[in-house]
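In the form predicted alone, a lone chain appears below as structure tokens.
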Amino acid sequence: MKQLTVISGKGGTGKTSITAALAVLAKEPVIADCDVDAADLHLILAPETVESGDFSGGKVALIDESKCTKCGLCERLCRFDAIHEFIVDPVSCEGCAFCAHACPEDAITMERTLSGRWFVSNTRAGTMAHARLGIAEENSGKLVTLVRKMASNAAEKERRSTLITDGPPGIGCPVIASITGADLLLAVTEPTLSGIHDLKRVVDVSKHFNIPVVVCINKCDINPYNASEIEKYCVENGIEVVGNIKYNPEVTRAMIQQKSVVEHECGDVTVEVKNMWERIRGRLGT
């Protein structure tokens, strides 16, 4: 199975829209939406859930009043100021378990918290694994790993040859979890100063993990000078630019209709995305 992960150094570059289009063009791949902090691939592919479950990313301290002698040791030791009047604030608690180990009465236990939910769904483009992380919850890297595992299991079960992942923006833990084991990364950028800066960070991450990367410049015509600077950088670093997509308001209309840019007539955008997929297929060897 070949794995393509679509990433971007920053949000708003069009990464998810391009992922949806590639998923449609790939002819029933397995899809993983690993942008669990702000998942939106479902807005285009309209999934129908067939399996779901709870995700627990951490633990929170819980004080047993029947055992607590109110010695105050836990309050004094808590570095996160999460215990007041022998009650734990679950928002402030970091789940370090120091209080539980220190309590002389064994009155404190660590209870798992519900951090989000994962889903396996049917879409018109293929099976999709995705998730929803709870508000202000952490450990999204663990949830990304779980989503990828669900997607891999589905690909093996269905004997699919391609797994396409919509990765999170940035270069943090969730991104690292989404690219591990990928055969190719598609970095979607835009011709802005922040787009150029963040593209370089993404490329550095790909080099660190020794994963090949190709680049798509989205809305390349909004600033031709910056677009040429991106191409220059890619040439200097031996990176192939597989797509130069121009701005087209029809892309927004496609999203409003819950369609990808290859299911809605978007002119040159539709043509370029199709050509880009053929170039990516060549790199993947599918």
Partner chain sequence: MVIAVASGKGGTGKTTIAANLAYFIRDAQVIDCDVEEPNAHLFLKPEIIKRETMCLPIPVVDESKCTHCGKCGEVCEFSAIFVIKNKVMVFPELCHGCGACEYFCPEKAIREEKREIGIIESGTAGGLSFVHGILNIGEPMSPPLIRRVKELIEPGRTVILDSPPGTSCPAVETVKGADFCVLVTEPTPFGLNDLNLAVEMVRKIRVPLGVVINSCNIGDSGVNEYCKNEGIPVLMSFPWDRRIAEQYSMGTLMLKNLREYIEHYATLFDKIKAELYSKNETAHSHKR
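Residue numbers count along the first chain shown, from 1. Just so it is clear, the structure is predicted and the values come from calculations on it, not from any experiment. If you superpose the two forms and keep the largest set of C-alpha atoms that fall within 1.5 Å, you have the rigid core.
Form predicted together with the partner chain: not shown, discussed below.
For the chain shown alone, Ser228 is not a contact residue for the partner chain in the predicted bound form, no non-hydrogen atom being within 4.5 angstroms. Using a 4.5 angstroms limit between non-hydrogen atoms, Gly126 is distant from the partner chain in the predicted bound form. Taking the partner from elsewhere, Leu133 is found to have a heavy atom lying within 4.5 Å of the partner chain in the predicted bound form.
At a distance threshold of 4.5 angstroms between non-hydrogen atoms, Val205 is in contact with the partner chain in the predicted bound form. The putative spot formed by Tyr233, Glu265 and Asp268 is not touched by the partner chain in the predicted bound form; no residue has a non-hydrogen atom within 4.5 angstroms of it. Shown without its partner, this chain lists Thr145, Asn153, Thr109, Ser194 as candidates; in the predicted bound form, only Ser194 has a non-hydrogen atom within 4.5 angstroms of the partner chain.
Only one of 118-126, 154-162, 73-81, 180-188 places residue heavy atoms within 4.5 angstroms of the partner chain in the predicted bound form, namely 73-81.
Scanning 215-244 for heavy atoms within 4.5 Å of the partner chain in the predicted bound form gives Asp221, Ile222, Asn223, Asn226 in sequence order. Core-superposed comparison between this form and the one not shown: the CA of Asp106 exceeds or equals a 2 Å shift. When two forms of a protein are overlaid on their rigid core, residues whose CA moves 2 Å or more are considered shifted, and Gly172 is not one of them between this form and the one not shown.
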